[in-house]
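The form predicted on its own is given below as one chain in structure tokens.
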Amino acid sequence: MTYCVGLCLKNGLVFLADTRTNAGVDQIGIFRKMTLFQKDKDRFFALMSSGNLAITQAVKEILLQGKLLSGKNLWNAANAHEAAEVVGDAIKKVYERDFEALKKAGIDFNCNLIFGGQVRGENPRLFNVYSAGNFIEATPENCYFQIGESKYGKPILDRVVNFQTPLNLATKCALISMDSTLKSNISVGLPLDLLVYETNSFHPSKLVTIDESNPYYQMIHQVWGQKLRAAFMEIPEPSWNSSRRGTAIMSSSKELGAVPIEHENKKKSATKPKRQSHKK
């Protein structure tokens, strides 16, 4: 499986992807899910993928070859939105070629992408591109996207990240999100590819592949677990009487009453005794 997260913030973008793929517990491989596209000092893009590996690799190959799709490719797109349209058109191209064969084999057309970057003259932008080739764009109110095994790493992102979050703090949050996912799901695994893109840099100056020997990731993994357990122990236990108002758990709900308790119905239906016939 996969977990990738991308964040679009005031000062730039953060991309983080795992590298594990699996087709069952006994067939596990390492494939990069992050691809970078750079042209001089004019544009820079990053792509992360989730879904059927053959499909996502075919889409990336079309983009890397620079094939014109509706007259456009990543190298001549006027802005990042047009570049996202190119990515969507590449998915549609693979769909037209492979869908029927996949359908006959009983395989779903599964391809989800996080695509983002910057074209000179505009701010960095981030998109979530779906299997149909359509996409949505991140906004200051919804500044991150996840693909793959997203549920484990979502709570920390919702509690910490917003559009104003500094890149370094967002990087820490993304790594904690990934560590939470690795802890709970064996289909996501190291190494990790991390890119922090600073606005107007047009260069991957902060790009690293993280494995189990990385000292910062080791610290994140150890300290986050310790702090969670410490925070858990500091939270008061529930009080089942009203003596401690702040922790009283027996306070009645304003929307629903208590769960009704069903008792055995001991009333027996009255039955008239049958008359016995006596033969003379």
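Numbers for residues come from their place in the sequence shown, where the first is 1. Please read these numbers as outputs of a predicted model, since none were measured by experiment.
Beyond the structure shown, there is the form predicted in complex with another copy of the chain, which is absent from this document and is the topic of what follows.
Although the partner is absent here, K92 lies well away from another copy of the chain in the model of the complex, with no heavy atom inside 4.5 Å.
Residue contact check for Q27: none of its heavy atoms lie within 4.5 Å of another copy of the chain in the model of the complex. Although the partner is absent here, N52 sits far enough away that none of its heavy atoms falls within 4.5 Å of another copy of the chain in the model of the complex. Using a 4.5 angstroms threshold between heavy atoms, E61 stays clear of another copy of the chain in the model of the complex.
Contact with another copy of the chain in the model of the complex, defined as a heavy atom within 4.5 Å, is made by all three of S180, P191 and P215.
Distance criterion of 4.5 Å from any heavy atom to another copy of the chain in the model of the complex singles out I176 from the list V119, C143, V129, I176. Screening 106-114, 135-143, 156-164, 82-90 for residues having heavy atoms within 4.5 Å of another copy of the chain in the model of the complex returns a single hit, 156-164.
Residues of 201-219 lying near another copy of the chain in the model of the complex, listed in sequence order, are P204, K206, L207, V208, T209, I210, D211, S213, N214, P215, Y216, M219, the criterion being any heavy atom within 4.5 Å.
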